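Before any questions on how it binds or moves, here is one chain, the form predicted alone, in structure tokens.
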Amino acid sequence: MACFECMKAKLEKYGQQHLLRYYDELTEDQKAALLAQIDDTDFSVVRVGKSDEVRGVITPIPCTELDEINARRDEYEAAGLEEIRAGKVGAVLLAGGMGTRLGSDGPKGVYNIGVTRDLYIFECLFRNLMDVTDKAGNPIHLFIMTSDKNHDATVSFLNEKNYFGYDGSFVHFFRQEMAPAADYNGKVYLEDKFRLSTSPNGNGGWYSSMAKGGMLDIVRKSGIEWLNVFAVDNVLQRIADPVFIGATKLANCVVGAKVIKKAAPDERVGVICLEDGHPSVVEYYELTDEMMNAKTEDGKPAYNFGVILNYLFRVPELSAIVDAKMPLHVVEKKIPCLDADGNLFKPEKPNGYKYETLILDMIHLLDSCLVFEVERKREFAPIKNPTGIDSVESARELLRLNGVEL
């Protein structure tokens, strides 16, 4: 059990002594849980007020488009399969989210999108991965990032489903690190008398969370040199895609980013670009009218390719930046917390800040990026909403188009 006086001193250092206000009411187990969480929490991330993020000079970045990829597909695929067969490729599934927006209380990956049969989001992803590993003739290590809120349910579900036929000895789970959530005055909230209000520390925290979870020991022992990072909600994405891997390797780039051609200048996807000469991503809400309407010398839209959160990182370069101080993004959110009477309050409007790092900042810390176009209807079917754009409905249509039985 963490030392009470030590944790009290830590809280005093950061002006968070109020987190012990109910300490004398707690059971011994609750006291231990609270002190352990305080011990594990980095209070230095807490800020008062949203930060004004200053961007560098944004310029277009070249893209390897479909015509070029198709012309060299066999060459790229052979190079990628060579890396996979040599055990140099691993994959990282970012699966810490819940299916709340879909009307589910469970992890997003366990959501059933089937119509006449069960078909889970996780199942789609494992099938996509096995398309590649069956062709390569060997499995790859798959690291699944969960969160405190969904870890046990995720592990239990995938064990129960026997990883949908994938070799379970190659599947490893680790929890995403959490960051405290605070009010507008920088005071961290409690969500219970013995538990701080926290949220996942953003998708930029995946590699540091892997390190904390002991996953990098597996990476080193297995000789993994590439990690393909992808999000749980795109049921069509290609995982450990040998064409993508081969193209990134042959281009001598340390990171690859899969992109789609934007459907409209104002489509809600982040745009790949250069920022002060380094690869970077400008989020859709940061796009100016000038950027949306900019043209290249040959008259094409200058910022026409949106990222789909499918990246390939070279491990040696990741190791060099793992201790780098990532930019912290302060996001205004609705945060469940205890009210003045010690009762749980669920606000209907934002009441404070969460603190996140973003994967796009990792890309900006690296020197070279292959921008790799994929065909939208073959690799982009995100599930964010029950109906409408990027929904269960639209994903089902695209799965049918790709021959998946629902």
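Superpose the two forms; the largest set of C-alphas matching within 1.5 Å is the rigid core. For every residue, the number given is its place in the sequence shown, counted from 1. Since this is a predicted model, take the numbers as computed values, not measurements.
What follows is about the form predicted together with a small molecule, which we do not show.
A.B. asks: I'd like to check something about Asp233: if you look in the predicted bound form, is any of its heavy atoms closer than or equal to 4.5 Å to a heavy atom of the small molecule?
C.D. replies: Close contact exists here: in the predicted bound form, Asp233 approaches the small molecule to within 4.5 Å, heavy atoms only.
A.B. asks: If we define contact as a non-hydrogen atom of the residue within 4.5 angstroms of the partner, is Leu274 a contact of the small molecule in the predicted bound form?
C.D. replies: Contact check for Leu274: no, nothing within 4.5 Å of the small molecule in the predicted bound form.
A.B. asks: At 4.5 Å between heavy atoms, is Pro200 in contact with the small molecule in the predicted bound form?
C.D. replies: Pro200: contacts the small molecule in the predicted bound form.
A.B. asks: Can you work out whether Gly99 and the small molecule are in contact in the predicted bound form, taking contact to mean some heavy atom pair no more than 4.5 Å apart?
C.D. replies: Contact with the small molecule, yes.
A.B. asks: Since exactly one of Lys249, Lys108, Arg238, His141 fits, which has a heavy atom within 4.5 Å of the small molecule in the predicted bound form?
C.D. replies: Filtering the options by heavy-atom distance leaves Lys108.
A.B. asks: Considering the small molecule in the predicted bound form, which of Ala95, Ala257, Val89, Leu129 comes within 4.5 Å of it through any heavy atom?
C.D. replies: Only one listed residue qualifies here, and that residue is Ala95.
A.B. asks: Based on heavy atom distances of 4.5 Å or less, which listed stretch (291-299, 156-164, 224-232, 265-273) is in contact with the small molecule in the predicted bound form?
C.D. replies: Going by heavy atoms within 4.5 Å, the stretch is 224-232.
A.B. asks: Aligning on the core only, does the CA of Pro242 end up 2 angstroms or more away between this form and the one not shown?
C.D. replies: It does not reach a 2 Å shift.
A.B. asks: Quick one: core overlaid, is Gly165 moving 2 Å or more at the Cα between this form and the one not shown?
C.D. replies: No: Gly165 shifts by under 2 Å between this form and the one not shown.
A.B. asks: Align on the rigid core first; then say whether the Cα of Arg101 has moved by at least 2 Å between this form and the one not shown.
C.D. replies: Yes, its C-alpha moves 2 Å or more.
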